[in-house]
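The chain below stands alone and is given as structure tokens, in the form predicted on its own.
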Amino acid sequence: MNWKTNKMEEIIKDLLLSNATSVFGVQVDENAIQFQKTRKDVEGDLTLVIFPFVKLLKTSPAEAGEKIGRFLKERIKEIDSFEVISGFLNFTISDKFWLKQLNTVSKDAKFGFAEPNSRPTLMVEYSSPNTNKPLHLGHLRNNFLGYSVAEILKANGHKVIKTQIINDRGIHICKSMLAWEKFSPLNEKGERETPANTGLKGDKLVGNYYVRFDQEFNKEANEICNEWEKGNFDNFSEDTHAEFKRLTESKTGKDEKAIAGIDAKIKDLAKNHTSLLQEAKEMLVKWEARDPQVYLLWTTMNSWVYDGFEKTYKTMGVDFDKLYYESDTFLLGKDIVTEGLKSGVFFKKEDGSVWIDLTDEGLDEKLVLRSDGTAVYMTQDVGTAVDRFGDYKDLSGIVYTVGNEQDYHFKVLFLILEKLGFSWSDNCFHLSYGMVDLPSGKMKSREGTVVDADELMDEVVNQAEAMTQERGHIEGLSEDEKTALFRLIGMGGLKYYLLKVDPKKRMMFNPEESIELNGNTGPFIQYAHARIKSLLRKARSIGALKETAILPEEKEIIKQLVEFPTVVDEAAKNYSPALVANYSFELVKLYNTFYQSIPILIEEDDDLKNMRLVLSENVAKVLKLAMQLLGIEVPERM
């Protein structure tokens, strides 16, 4: 059920709104009734902000607070007392009320989750890899973020379709294909390298050839630069010679940094004249024309990559409901561009390329079709969006989980869709997230310096194994159970570390920190769950919750528990798993304080003992639900 998060807030708000004329003399806006958490140095469970009512009551904040406080205490039996401090009205709520809240939490196995499919259908796109390289650390943040956002939206009542668009075409794909054709060594059977004859995962093998292309590409560009330095411009146009001369002369009087920038421009000029790049471009044109030989090479190498991706996704613990391929959607995109050209949304330049003018929107002109007729990313993204809304008639919006370096791209995409007349373009959202850095700096896939996703996942699992064996406490587990536990802890630590940071923020990743047992980490949460499960096993049975006194530590835990539906709702609105992660961390800290200072199993009062077991049981339940939203498993023992 969709449970109201803070029942007392609702009771107070309804009472003030329905009695506004007698309390304030006029009707008041619902938004004027504002609550906040009570400061830790002040007694109370709930705080009402008084300032919005001071003018209405024509009195001081203290007098206004007294009047509102007396009015509410007389009518709400659960309010034990109130105190006004500097314009804030602090209420102390009865133990009976909080026990009733705990009982409500206890009765709902899916506490905090809304009714399934009670809200509009949304699609969440994530991963969206290129088939010219394996998945890396950046893909881990992307996948964990997209999967978690999808689960949070589901918990908030939305029907959710998880999807990815596979970037399986374009010049970058042709670079890997060409490098494999040109540089793959032959074995004793006369076969080039394949996953089958090398034992290498297909995505890694293809990725190696993408790196190889770049190495050979740079080598050829350097050779051209050397020839130009010698004055040899045979087979190069006069325009190229003139541009080289202009750039070289512009170095005069410049500092070292400026000269390096000019040298980079000269190298880019040389790169555009390499035979390798020309061959890759020719291969792309052949691919779009469905040349049989090129197409067979493409399908073969892509199939290797898909097999590799599937293994990585399984280890990640993510899944998809529907896959889209750019090799399909770019065709629809080209058709849409053709129609848009006729209707005046796009325009054609002299060289035959097709553009859209967005200068009135404060942007610039954007290419949507090259002069040779081949598609660009924008072309296929338009086609993909239209294809998705065609496939799912009840689809109300799409959440694109893509790094913030593509912010401009998505502004343009959504504007193009709007200008093409698609009303649903307003419901397309770019979940823009920050990059993941390493202590050694930024990742560069062409140079082969990325942190491979498979290797990183293996590393954190191995570290989790070493940490767990060092601690002990795993006696009695079979080898298979130990292996499963190590993977659960390692992957839980990795996911939590990448999700606890607000998506918009750039972050530094430290594998060692991710599996630590103390601090804001996944294993810290997992260990708390396992500890509670151990406690409940020792207790054997839990009776019905009865009325009893509760200590401040217990009340704080209940207050945190009843906040969970609000957290799920806010996390969905903000597309932020970090809210769920940090809520869980706060809940565990409160529980640990309680566990370490208050007797549970040795408590002699049966009603008190039982209440503490019910409290513990519900902390474990909510932690499990919260971690489920992050794609993290929690162990029964650890």
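In this text, the rigid core denotes the largest set of C-alpha atoms whose superposition between the two forms falls within 1.5 Å. Throughout, we count residues from 1 along the sequence that is shown. No experiment lies behind these values; they were computed from the predicted model shown.
Here the subject shifts to the form predicted together with the RNA, a form of this protein not shown in this document.
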message: Which is the contacting stretch out of 118-126, 392-400, 87-95, 245-253, given heavy atoms within 4.5 Å of the RNA in the predicted bound form?
response: 87-95
- prompt: So which of Met611, Ala572, Leu579, Ala64 gets a non-hydrogen atom within 4.5 Å of the RNA in the predicted bound form?
  reply: Leu579
query: With the RNA left out of view, which of Glu238, Asp480, Glu310, Asp351 would have a heavy atom within 4.5 Å of it in the predicted bound form?
result: Asp351
- request: Using a 4.5 Å heavy atom cut-off, state whether Asn518 contacts the RNA in the predicted bound form.
  value: yes
message: With a cut-off of 4.5 Å between heavy atoms, is Gln596 one of the residues that contacts the RNA in the predicted bound form?
response: yes
field: Non-hydrogen atom contact Asn404 with the RNA in the predicted bound form at 4.5 angstroms
entry: yes
- prompt: At the 4.5 Å heavy atom threshold, is Thr468 in contact with the RNA in the predicted bound form?
  reply: yes
- request: Could you tell me if all three of His172, Arg506 and Arg637 have a heavy atom no more than 4.5 Å from the RNA in the predicted bound form?
  value: yes
message: For Gly138, does the CA position differ by 2 Å or more between the shown form and the other one when the superposition is done on the rigid core?
response: no
query: Is it true that Asp351 shifts between the shown form and the other one by 2 Å or more at the Cα, once the core is aligned?
result: yes
message: How about Gln380 - superposed on the rigid core, does its CA move between the shown form and the other one by 2 Å or more?
response: no
